[in-house]
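First, one chain by itself in structure tokens, the form predicted alone.
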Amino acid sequence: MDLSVLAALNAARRARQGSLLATNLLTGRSVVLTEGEAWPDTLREAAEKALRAGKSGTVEIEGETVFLNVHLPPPRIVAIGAVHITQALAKLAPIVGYDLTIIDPRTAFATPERFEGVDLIADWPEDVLPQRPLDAYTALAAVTHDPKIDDFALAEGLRRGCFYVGALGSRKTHGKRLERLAAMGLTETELARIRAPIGLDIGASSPEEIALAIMAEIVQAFRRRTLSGEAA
């Protein structure tokens, strides 16, 4: 492999960006496509499809066979709140292939006994997230129902471009939340990205059902996400 190609792939991996190595199987010529950069028009449609699916494979482009080798960062979920919903989410996330981190400063809730084997941080989001930054391959789910804990994380998720930002609460609660976040400098376009009430509308009532609805909405958002290499 050409060293410049390897360097580009490694740079994308370190930055937690999606990338794709397109190789013409006849000529052997390869090109790296990285999210956030301009892509050749001839490869755009096939590259977008492959990156969304997360699957490598061969495609026919203008009469030539091209192998698309997809490299995606592991998608992850950062949940704000060590509650019953996140106890259930902790069981669902690894089944679907998502890493999960739970952040909650309330030490009575954030205990190893309640979240065995989970990446659990008993601290405030504003102290944790600058050290463990969110990114475009992160889903942010705020479920404490406490603005002192949730609001900073929600603002950070929007500013960092998380592919999913969801928050627990009624429409009335969410209306007040939007006012607070707007006062923190978030734009209407950014605020419109918050999924609230959180989760797909499946009529969920129990914590387990709400966790299922959240997980389903996260998967939907990931598969339908806007790729940063797409044309505006």
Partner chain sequence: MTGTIDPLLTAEGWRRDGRNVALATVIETWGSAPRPAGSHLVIDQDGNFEGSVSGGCVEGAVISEALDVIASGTPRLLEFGVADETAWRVGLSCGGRIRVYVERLT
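Positions refer to the first chain, counted from 1. Since we're looking at a predicted model, the values are computed, not measured.
Keep in mind that the form predicted in complex with the partner chain is not shown, yet the notes after this line are about it.
Note that among 87-95, 123-131, 141-149, 68-76, the stretch whose heavy atoms approach the partner chain to within 4.5 Å in the predicted bound form is 68-76. Proximity to the partner chain in the predicted bound form, defined as a heavy atom within 4.5 Å, singles out one entry of Ser170, Thr189, Ser56, Ser206, which is Ser56.
Contact check at 4.5 Å (heavy atoms) against the partner chain in the predicted bound form: none of Ala38, Arg44 and Ala50 pass.
For Gln220, no non-hydrogen atom is located within 4.5 Å of the partner chain in the predicted bound form, even though that partner is not displayed. A residue is said to contact a partner when one of its heavy atoms sits within 4.5 Å of a partner heavy atom; Asp99 meets this definition for the partner chain in the predicted bound form.
Contact annotation for Gly28: at least one heavy atom lies within 4.5 Å of the partner chain in the predicted bound form.
Interface membership of Ala216, defined by any non-hydrogen atom within 4.5 Å of the partner chain in the predicted bound form, is ruled out. Residues of 8-38 placing a heavy atom within 4.5 Å of the partner chain in the predicted bound form, in sequence order: Leu9, Asn10, Arg13, Arg14, Thr23, Asn24, Leu25, Gly28.
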